[in-house]
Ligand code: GLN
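Quick setup: one chain, the form predicted on its own, written in structure tokens, and binding and motion questions come after.
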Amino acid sequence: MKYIFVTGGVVSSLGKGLAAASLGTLLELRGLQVVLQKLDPYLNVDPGTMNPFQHGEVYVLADGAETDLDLGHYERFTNCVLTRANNLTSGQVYETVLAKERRGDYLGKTVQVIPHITDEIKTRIRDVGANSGADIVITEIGGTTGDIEGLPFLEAIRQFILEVGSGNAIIMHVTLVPFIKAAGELKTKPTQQSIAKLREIGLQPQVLICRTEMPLDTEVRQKLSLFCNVPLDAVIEAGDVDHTIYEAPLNLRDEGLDSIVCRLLSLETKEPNLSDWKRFVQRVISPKKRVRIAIVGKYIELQDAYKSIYESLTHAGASNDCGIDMVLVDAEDIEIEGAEKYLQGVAGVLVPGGFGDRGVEGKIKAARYARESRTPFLGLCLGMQVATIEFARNVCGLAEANSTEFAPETPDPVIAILEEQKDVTDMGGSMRLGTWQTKFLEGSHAHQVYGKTEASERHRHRYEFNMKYRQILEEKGFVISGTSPDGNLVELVELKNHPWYLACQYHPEFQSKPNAPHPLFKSFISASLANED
């Protein structure tokens, strides 16, 4: 087993996750089996209870784990199917160690960061490798070198490398090389300081990924190599991509990153075939057509809040040889000024998920606009619920229809909490999470879109369609076209006599990949293109 540890220095948000995922892509295309893992130093047990404004999107894995959004990059860029073992936080580590201490597993010893916390971290790294059967484990350490909460993870890695042998593990350090405009030059000192901090801890990077706005010339590369004790050819330039994040593997390949890593880890592999990846990137960069899609959300200001949705639209666009012009609309603006001002002229409307009542009435207005104007509509999770509320109010005459999440006393709770959820007090990890089976109504639009009668999809929600209202809605043209296998839970709905109006309770965005777009997104973009014409 070979191990690659990805650390970061100088500042956060440099793209360690993207660098790790891109390396995973290149190594897979060389015929190696790769698994990726994220170690996050924050004390939350998982990101599940964190506000998207704080941490961005919560990405949900097949086994129901609520994880960091970087795991979305890992699954999109590689063939990995990850589990809760692939995302470890300080909160999880301390929770596990303290539970062992309470049980007496440490036989009365004093419990300390070294060895108990570091041993737990090392165990989780080993388990991911052992259980995956992969050739290489790529482990990203969140945060920035020098953060006090990250020190136990770096110490664990120091011990781990000593145990497996330096020939079986390397460190890839992602760092900023800033361009100082007034001086007109790139500065290496921040990177030198970052590496010095790592070396104080006992870690020496073998590869340096330099995030930079300007090309690294030979002199700068030589300086970084000399002062950071990294071979010259392992000083890798990682400039900002021109058009799409999917250019990153191609750029890193041009820098020889995968060849260097294979040499350092003594791996004999074939050269990677990047033709399919290049074809996808070319379609993203130079599409034959373009289409305007409105995303009506409540976290629009933060790009990372809907990361998987934006990427899924990109995948679907490329499959239709079409560029996506995303029109980001704050649902609260629609509440105040109406839907037509913001949605007139778009070819498709997408309403994503969310929690809480802020902006909900704006989302309901967006669903009504798409229904009445016959604009293709895709609702995801809460997007399905607001579509249901809108239809109940404006087509079925249930003027006060609502969800009990927003209006507990509503006389017509078309969306309500499940009985088994009513007594839940802990917020974290207590929703309907992970992979559930959906059975499609034969002959329905959903059946046509998927091309099969069943599918497995990932969920993250607490409230459900209230089956007491099924007949009332269906009599008016509302179609329940996807349910749980026992028929008790509604998973997907559509409308009769509308060119394309589908809304699902699950999150299809978590299973879309560059060269394998999710069928719902692919069909939605195709319908939007037809509407644009």
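Because the structure is a prediction, the values reported are computed rather than measured. From 1 onward, residues are counted along the sequence shown.
The form predicted together with glutamine (GLN) is left out here; the points below concern that form.
- Put simply, Pro413 is far from glutamine (GLN) in the model of the complex: not one heavy atom of it is within 4.5 Å.
- At least one heavy atom of Tyr463 is located within 4.5 Å of glutamine (GLN) in the model of the complex.
- Shown alone here, Phe280 lies farther than 4.5 Å from glutamine (GLN) in the model of the complex, counting heavy atoms only.
- Proximity of Pro205 to glutamine (GLN) in the model of the complex: non-hydrogen atoms within 4.5 Å are absent; the residue sits far from the partner.
- Residue in contact with glutamine (GLN) in the model of the complex (any heavy atom within 4.5 Å), chosen from Gly354, Gly150, Gly72, Gly362: Gly354.
- Proximity to glutamine (GLN) in the model of the complex, defined as a heavy atom within 4.5 Å, singles out one entry of Asp330, Glu405, Glu155, Glu247, which is Glu405.
- The candidate stretches are 346-354, 390-398, 174-182, 302-310, and the one lying within 4.5 Å of glutamine (GLN) in the model of the complex by heavy atoms is 346-354.
- Heavy atoms closer than or equal to 4.5 Å to glutamine (GLN) in the model of the complex belong, across 477-515, to one residue only: His507.
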